[in-house]
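One chain is shown next in structure tokens, namely the form predicted alone.
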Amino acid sequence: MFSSLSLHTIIHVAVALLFPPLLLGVINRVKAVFGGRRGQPLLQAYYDLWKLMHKDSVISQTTTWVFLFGPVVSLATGILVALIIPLGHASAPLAFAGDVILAVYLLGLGRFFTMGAALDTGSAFEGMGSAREATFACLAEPVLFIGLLVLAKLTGSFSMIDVLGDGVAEAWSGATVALLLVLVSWFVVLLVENSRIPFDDPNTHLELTMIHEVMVLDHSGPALGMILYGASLKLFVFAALLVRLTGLAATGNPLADWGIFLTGTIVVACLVGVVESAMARFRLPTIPAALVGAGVVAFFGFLLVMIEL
């Protein structure tokens, strides 16, 4: 007979592996509603993944093992981060002291190998996309770190279970403004890290304006499927961070927590769809200014916490 902890671990793994592609379908349906279109089926991402996994891959003779290793590392790091972050329950399968730092660096490792795979093709366009990705990542990662420092200061821990568990729910009563600032800045990070409008357009076909999509132009078949699945996992991870940051999924009732968490991630996906429908894409010189602004907002939250304490 399974214990309660084993049951929650199974649910955590199942949700982390099966739920992420649904968020892409939700975003596309919201955009379709705003555009007055019928739109793609809600489960289109699952169909695309199934189709790609059954196709052959075309690999350039100029590439090395780095090109093949990029999608694998991107997917593996996404899965590991999803198993570190608490979802609908206060625990996580891979939780340990200091896992906050590991989660952030795993995201960076996945990005590093994605850029490495793009550079390995020798394509000028993919090299251009990698350079942009690295530039914007240097501005987005500090925003995420500052937000985590705020939570670590409020909870006194560097463990995801404490930082995004009951501790953050209690912290809202005394540090509401600071947490709201972190919430806003992290939503900006979600948009840029997942190549969403207004920072990037996942549906564009103009190489000169692409950022993330241009880095995966030479991938096909199962490799492209791993990239798409890894991208959905990354979106799911950042949505999970936002939902857990609100403290709503910490009622103490496991069933209610899972329901609130899943509903919250869908709400985040809907918000992304609304932003993409209501805003135009930023000009490239504007993106660094927007990310610096998000960093300033997060830093103000950190200052408020330091002053209040």
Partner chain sequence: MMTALLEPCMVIAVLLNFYILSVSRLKMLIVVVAIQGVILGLMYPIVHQGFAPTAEAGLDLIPLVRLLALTIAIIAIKGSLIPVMLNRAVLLADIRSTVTSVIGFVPSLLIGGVGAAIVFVFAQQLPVSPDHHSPLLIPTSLTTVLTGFLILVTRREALAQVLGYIVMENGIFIFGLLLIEAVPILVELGVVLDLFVGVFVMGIIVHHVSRAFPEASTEHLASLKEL
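Numbering follows the first chain given and starts at 1. All values reported here derive from a predicted model rather than from experimental measurement.
Another form, the form predicted in complex with its partner chain, is not on view; read the next lines as being about it.
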Non-hydrogen atom contact I10 with its partner chain in the predicted bound form at 4.5 angstroms: no
Interface membership of L181, its partner chain in the predicted bound form, 4.5 Å heavy atom rule: yes
Heavy atom of V177 within 4.5 Å of its partner chain in the predicted bound form: yes
Using 4.5 Å between non-hydrogen atoms, is F19 touching its partner chain in the predicted bound form? no
Please state whether every one of the three residues V26, L49 and M53 places a non-hydrogen atom within 4.5 angstroms of its partner chain in the predicted bound form. no
